[in-house]
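Only one chain is included here, represented as structure tokens and corresponding to the form predicted on its own.
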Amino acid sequence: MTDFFKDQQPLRFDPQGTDLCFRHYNPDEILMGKRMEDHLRFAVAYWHSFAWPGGDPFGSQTFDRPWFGETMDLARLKADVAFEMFEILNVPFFCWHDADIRPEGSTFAESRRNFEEIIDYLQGKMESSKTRLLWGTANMFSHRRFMSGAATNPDPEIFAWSAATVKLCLDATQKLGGQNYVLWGGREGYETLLNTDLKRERQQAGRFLQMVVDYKHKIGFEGAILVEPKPQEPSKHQYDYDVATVYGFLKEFGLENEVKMNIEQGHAILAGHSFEHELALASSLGILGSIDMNRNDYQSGWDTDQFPNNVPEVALAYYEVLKAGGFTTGGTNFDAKLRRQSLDPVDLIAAHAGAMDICARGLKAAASMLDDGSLETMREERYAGWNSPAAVKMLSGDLESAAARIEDESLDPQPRSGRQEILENIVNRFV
């Protein structure tokens, strides 16, 4: 045991509690025939919780953690503290990038040895813990070698380095029983078109993803391969802009049945969408996999990665997840970080506990809305005309026959209310 969290005991569920506890998140509560824990499938993000030093574009490190440093002993200490926090929060999952959990070596071989050693250490920690790996991923954006991208880099040696990195991380994810593997193209984009070959870079990215899928099948990895869209920041434009863009990319390279989406609330907002829009679109396309739960500051205009605190937003997101049948291999990863002024260990616990409560409230509201059925009934009524034999026949016919209906049947269609305010009032009854 470390002394980082000192005497902090595992959080309990106490709806009337006045101290640090869960007031809404009850893992064993049954909703729609399933335990709340199994609906939400919470995960802690290793990078923001244990690797981020508290810097921002205008200021350097504010956190002083005892495990900060590039040694294996400190990497093991970081893992010890992480698993202590997992126990305090009683979370079923965690997630990592390779760079989060191991010190950087002077060569790829040294980094690989460090990584493999810490993976063995994590495996040992998991033997005495309920917490499992939701997904692993590779950090191919922080190091200066990736300043022009990873798979999309103009240098083929960087492509090879990236391939070696993903292979290593996918092998480790499988070894730890990870349920997904995520690819986020942090710098897979461009800063200026003046030095960019768009067609070449898209082809490189597509071929790279095909290689990843082929290797998944070769090693028998049974988890899902997930792509995480993001429109910008740090690049001016990124090729994985949003769900629609990524789906077009997957179709182009024959991967639409192999790859699903890990969708982040903050990234959806940066792309000019709502979180529920991205979730609904991914669901309709059959590529909804997992979510990163956080929020942005709407005044800042950039990806601030704050913990969620907006119940209506969260409720509408989980409404789409539940409508899609819920998570299978995916879950709710808190890709969220403390504010730079939140220095104390207890702040980490409080941030996650509050976010878990917000998600629980949103999930319960979403389940109640689905159980009530008013929203879906009104949606079905709005499109009921398309179930008529004439409408079904029209869709299978041609333009001329569709046009002929107007005079042949003396049609005079009139507009009907979309009833948006009534629908919003229904939502407000539950949130």
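Residue positions are given as counts along the sequence shown, with the first one as 1. As the structure is a computational prediction, the values presented were derived from the model and not from experiment.
Absent from the display: the form predicted together with D-xylose. The rest refers to it.
Requested in this report: Choose one stretch from 168-176, 190-198, 131-139, 206-214: the one whose residues place a heavy atom within 4.5 angstroms of D-xylose in the model of the complex.
Outcome: Answer to the contact question: 131-139.
Query raised in the report: Wondering, does residue 87 line up within 4.5 Å of D-xylose in the model of the complex on heavy atoms?
Result: Contact check for residue 87: no, nothing within 4.5 Å of D-xylose in the model of the complex.
Query - Contact label in the model of the complex: residue 303 to D-xylose, heavy atom within 4.5 Å - result: Yes, residue 303 is a contact residue.
Requested in this report: Considering only heavy atoms, tell me if residue 63 and D-xylose come within 4.5 Å of each other in the model of the complex.
Outcome: Answer no; every heavy atom of residue 63 is more than 4.5 Å from D-xylose in the model of the complex.
Query - Partner proximity in the model of the complex: residue 184 to D-xylose, non-hydrogen atom cutoff 4.5 Å - result: Residue-level check for residue 184: yes, a contact with D-xylose.
Requested in this report: Would you mind picking the one in 98, 242, 320, 335 that has a heavy atom within 4.5 Å of D-xylose in the model of the complex?
Outcome: By the 4.5 Å criterion, the partner-contacting residue is 335.
Query raised in the report: Which of these residues, 102, 230, 260, 78, gets a heavy atom within 4.5 Å of D-xylose in the model of the complex?
Result: The option sitting close enough to the partner is 230.
Query raised in the report: If you look in the model of the complex, which residues in 262-279 sit within 4.5 Å of D-xylose (heavy atoms)?
Result: If the 4.5 Å heavy-atom criterion is applied to D-xylose in the model of the complex, 262-279 yields 264, 267.
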